[in-house]
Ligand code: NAP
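Given next, in structure tokens, is a single chain: the form predicted alone.
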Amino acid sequence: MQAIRVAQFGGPEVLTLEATDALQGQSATQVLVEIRAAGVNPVDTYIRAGTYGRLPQLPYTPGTDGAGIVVAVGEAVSRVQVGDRVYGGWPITGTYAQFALYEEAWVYPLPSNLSFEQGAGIFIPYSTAHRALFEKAQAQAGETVLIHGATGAVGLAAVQLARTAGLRVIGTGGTQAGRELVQAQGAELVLDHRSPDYRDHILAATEGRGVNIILEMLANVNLGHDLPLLASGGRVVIIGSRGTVEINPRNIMAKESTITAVNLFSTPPERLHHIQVQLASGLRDGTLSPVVAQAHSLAEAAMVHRQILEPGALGNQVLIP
């Protein structure tokens, strides 16, 4: 089969498309999936570069998000059968390939109204957004959430989830196209975070009270500026950061604010399974609908790894084996 392989950590150029042995001999509890689309997430680039806190043994095939068709099951598998459309998480073998192997517990039904490309944008983006909003921030209907960097896969998932739960959504984006997309997904107010006065607009929109929740995609740049934007008892959930940041603790003390974070690798399995159950009805009825920015061939994986860290994200980037 064709698969992307990484023999050494480094830049995007270490992603090589190779012919590899077919995956065979799944155990009694495993499922073999023909991958029709693989999601590319920023964490994939940190792992590939060797800078992430949790690294695979070399050589490896990247990719956690994927969607496809079940082509073989172990004798003890009962939840899925050959021919089922599924999306998955935590594959045993990476999803940047024509096939991937999973434990049965980590594959979930892909509703017929969603494409495989959309299915490849469910597990990491929607699980991250759901855990950030409802488990970490304890979001409640009627509260105001600022999604800081709302144009990427996680940000758009968070907009949809927050809107569905009855929150008032303020989003930010660095491009006009991105801001229009965020507004189309249900944000009430969308601002340019490159504008020097965007924070003034947030305070004005909340009549000076500030926002209840901030989902932060780039904490090393924004966290210090986020804290004065919080209402009393406000919560910041850090979803992404690429370095260090200096903050004034008095900005936390003054409003008894909370700073917390999400890391799916540290999330208990039972919580992730519960999140998929919570997502299911919204995925079926179209309330939750992953936005696909672009689809590329496996051979273009290195190019996608370069693009995904650049400004101007517009949803999910996927690879088509």
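A residue's number is simply how far along the shown sequence it sits, counting from 1. What you are looking at is a predicted structure, and each value in this text was computed from that prediction instead of being measured.
From this point on, the text means the form predicted together with the ligand, which you will not see here.
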Which of these residues, Arg194, Arg250, Arg79, Arg209, gets a heavy atom within 4.5 Å of the ligand in the predicted bound form?
Arg194
Name the single residue among Ser27, Asn263, Thr260, Ser281 that comes within 4.5 Å of the ligand in the predicted bound form, judging by heavy atoms.
Asn263
When the contact criterion is heavy atoms within 4.5 Å, does Leu223 count as touching the ligand in the predicted bound form?
no
Partner proximity in the predicted bound form: His130 to the ligand, non-hydrogen atom cutoff 4.5 Å:
no
Is Gly10 a contact residue for the ligand in the predicted bound form, using a 4.5 Å heavy atom cut-off?
no
Applying a 4.5 Å heavy atom distance criterion, does Ile308 contact the ligand in the predicted bound form?
yes
Stretch in contact in the predicted bound form with the ligand, which is absent here, among 153-161, 134-142, 92-100, 107-115 (heavy atoms within 4.5 Å)
153-161
Checked 173-208 against the ligand in the predicted bound form; residues with a heavy atom within 4.5 Å, sequence order, are Gly173, Gly174, Thr175, His193, Arg194
